[in-house]
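Just one chain follows, in the form predicted on its own, and it is written as structure tokens.
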Amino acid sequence: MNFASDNVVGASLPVMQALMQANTGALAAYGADEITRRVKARFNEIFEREVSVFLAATGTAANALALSSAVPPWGLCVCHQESHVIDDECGAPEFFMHGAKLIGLPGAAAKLEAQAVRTYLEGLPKSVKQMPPKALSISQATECGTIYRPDEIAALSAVCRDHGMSLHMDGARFVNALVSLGCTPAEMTWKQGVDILSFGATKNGCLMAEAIVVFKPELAEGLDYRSKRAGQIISKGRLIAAQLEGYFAADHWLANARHANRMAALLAEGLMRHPSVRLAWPAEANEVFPILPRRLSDALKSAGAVFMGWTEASLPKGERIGSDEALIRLVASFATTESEVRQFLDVVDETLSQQAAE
């Protein structure tokens, strides 16, 4: 019953099989191999246009390098105050932006509203003393498991255009959001004005494989050099590309995300049967954030369930966590089984039934 995250499980079988196949024989190094060429061409198909693709081993590297291409050292990148780029990457984006600054704005459910971003930008001083805003970064899905709809992305993009900014999407759980919305990758990105994407695959079945996908050509200039300086042009680059080839084959990537989302939906449905449990935010992708009695949280831990506590910073207006309650995060993955979910919910049912009888 490990719901700590979707990166605690290993790689999926098709990904490992593709990796093993690519491990045989000799191929050109540093991304000059045929597997990497095929994968980059596949990205063009997936996004329905020609894109520039730069492979990376980690999401932190992908985010930091993507933002470094959009924000000069004297610039400002706006994001949500709980976003991964500002909260969980040890300053890597600012390091690779060579001193540029991240500023986090509040927003319920870890989402930014276009009008709130516009108001903030228009309130900035216009003198040389103020770092000029150069990019907006949004997470899809967000750190609260919620999803930006295409019209919301388009509205944020319009704000960026009005202020001469690029729009970056941190897509660590890109595919979970994609299958939840039921749209195409193009409809969730460049057609709504996204300029550069950190395309996550590690959380959804890869061993360690991410990609920077560039829709705005000028942002691709120099990314090869930035990637090399960051140690992300790997000598045996075919082994990164091979993971993505196995990931994309037969729509495996989509099937993985659908399964993870379905397991999260089963968790949410089972929890919501109990009046003493409520969801902090809708379970829109593969994460569930229940507010539950603290005694239940303790009982679940005692039964062997693994999960994280969560911050109250982005709760809806008027929502509060009681002194006898806990807000936790449950994450389902491509490897989560229905039996794990049922086992978890059985503990919930049994514990709350015992408490009701006391």
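Residue indices: 1-based, along the sequence shown. Owing to the predicted nature of the structure, the values given are computational and were not obtained by experimental measurement.
Omitted here: the form predicted together with another copy of the chain. The next part is about that form.
Exercise. Which one, R149, H98, R161, R278, lies within 4.5 Å of another copy of the chain in the model of the complex by heavy atoms?
Worked result: Looking at the other structure, the residue within range turns out to be H98.
Exercise. Just one of E122, D87, E187, E269 has a heavy atom within 4.5 Å of another copy of the chain in the model of the complex. Which one?
Worked result: Contact residue from the list: D87.
For this session: Tell me the stretch among 189 to 197, 109 to 117, 227 to 235, 279 to 287 that has any heavy atom within 4.5 angstroms of another copy of the chain in the model of the complex.
Result: Within 4.5 Å of the partner lies stretch 227 to 235.
Exercise. With the cut-off set at 4.5 Å between non-hydrogen atoms, does A11 touch another copy of the chain in the model of the complex?
Worked result: Yes, contact at 4.5 Å.
Exercise. Within a 4.5 Å heavy atom cut-off, is A299 in contact with another copy of the chain in the model of the complex?
Worked result: No, A299 is distant from the partner.
For this session: Tell me, yes or no, whether Q343 is in contact with another copy of the chain in the model of the complex, where a contact means a heavy atom of each within 4.5 Å.
Result: No - in the model of the complex, heavy atoms of Q343 and another copy of the chain never come within 4.5 Å of each other.
Exercise. Quick one: does A326 come within 4.5 Å of another copy of the chain in the model of the complex, counting heavy atoms only?
Worked result: Outside the cut-off, so no.
Exercise. If you check in the model of the complex, do A57, P132 and L207 all have a non-hydrogen atom within 4.5 Å of another copy of the chain?
Worked result: Answer is yes for this spot.
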